[in-house]
Ligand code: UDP
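Taking the form predicted on its own, here's one chain by itself in structure tokens.
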Amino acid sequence: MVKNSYDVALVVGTRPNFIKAAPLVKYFESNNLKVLFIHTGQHWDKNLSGNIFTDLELREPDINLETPLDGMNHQLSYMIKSLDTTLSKNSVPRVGVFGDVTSTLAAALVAKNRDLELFHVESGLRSRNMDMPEERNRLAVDTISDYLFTPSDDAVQNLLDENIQHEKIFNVGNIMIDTLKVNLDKILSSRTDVIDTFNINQPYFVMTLHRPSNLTNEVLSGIFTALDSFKKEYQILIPAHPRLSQFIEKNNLQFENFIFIDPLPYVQFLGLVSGAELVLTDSGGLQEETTYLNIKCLTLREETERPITVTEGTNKVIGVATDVIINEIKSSLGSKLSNEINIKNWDGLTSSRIYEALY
């Protein structure tokens, strides 16, 4: 059997992966590398991921493995088998993975089991919460990677503390900022249209929730009780992740006078965020995007793997206790942010630094 030859395989599976991979696919191909672009199909929701390639002006993947909606272990098993078959049919010397999702772990394991070079983009982030599958994935992938591309100094230190060899670590910056910076004009110009679309006629909050630890009756009730205190002065928009929508529907929960909307395409979503008085989230990437956009963010978790956002003063980790949320919202609304965000290597050139390290 004649195999197709590629310089590198890049594996994605979820919307955050696409956002991180887009600038690297483009940069590699602009430098005449032949890229095997593989989508595991881990994200299945059309609203969440269906428009992402058009939105980011990213070419369609060469292969979609169409991973079925299932439990994490079953998805991991399916991906490992499918990725192994795919890589056996193609000649690829190295594999790149992104972030911390199930697809990231599956591709990393397959690559190393096939004796291929492995590089991990967004390496070294740590929440110290081993109950999070993402944290377990980060640790496993970083342990076996040949190149560890970190977004920040704290991530470098995390890896050194774990006895990762210094020569494997490259502090290349935050690749999500490559995507955000390239799309910034479109994001800001979309704000007015998005506000008009959803009839937003007063200051507003944006909230996103998707982590299983937050999707319980008790936690959701506490969060929405806190937000009730602000509904008269602020509209509260909730682009609802499929997990949140399914949980609310399954448990027949009623939250009145909140604006639930379908997940938005990348550009429109950040257009909405860019006009918000405040963002509340349990997402990791959104903490970074709000920092770059200089929007106040409250993280509804007990920890963050992105402490640089807290250091910059744009983000605060507050947990999910009702009284704490109320007090922190009041405090945030009464404060002002600096207009100066100047973080090392958040300059839109991360893809070029990755290329230089590899080639």
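Quick note: we count residues from 1 along the sequence shown, nothing fancier. Note that the structure is predicted; figures quoted are calculated from it, not measured.
The same protein has a further form, the form predicted in complex with ligand UDP, not shown here; the description that follows concerns it.
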Can you tell me whether residue 275 touches ligand UDP? I mean in the model of the complex, with a 4.5 angstroms heavy atom cut-off. no
Since only the chain is shown here, I'm wondering whether residue 222 would be in contact with ligand UDP in the model of the complex (any heavy atom pair within 4.5 Å). no
Does the 4.5 Å heavy atom contact test between residue 124 and ligand UDP in the model of the complex come out positive? no
Is residue 16 one of the residues lying within 4.5 Å of ligand UDP in the model of the complex, judged by heavy atom distances? yes
Just to confirm the contact call: exactly one of 113 to 121, 72 to 80, 142 to 150, 204 to 212 touches ligand UDP in the model of the complex at a 4.5 Å heavy atom cutoff, so which is it? 204 to 212
Can all three of 41, 61 and 96 be found with a heavy atom no more than 4.5 Å from ligand UDP in the model of the complex? no
Exactly one residue in 176, 279, 172, 92 has a non-hydrogen atom within 4.5 Å of ligand UDP in the model of the complex; which is it? 176
Let me know the one among 86, 137, 283, 235 whose heavy atoms come within 4.5 Å of ligand UDP in the model of the complex, would you? 283
Of 232 to 268, which residues get within 4.5 Å of ligand UDP in the model of the complex if you count heavy atoms? 239, 241, 263, 264, 265, 266
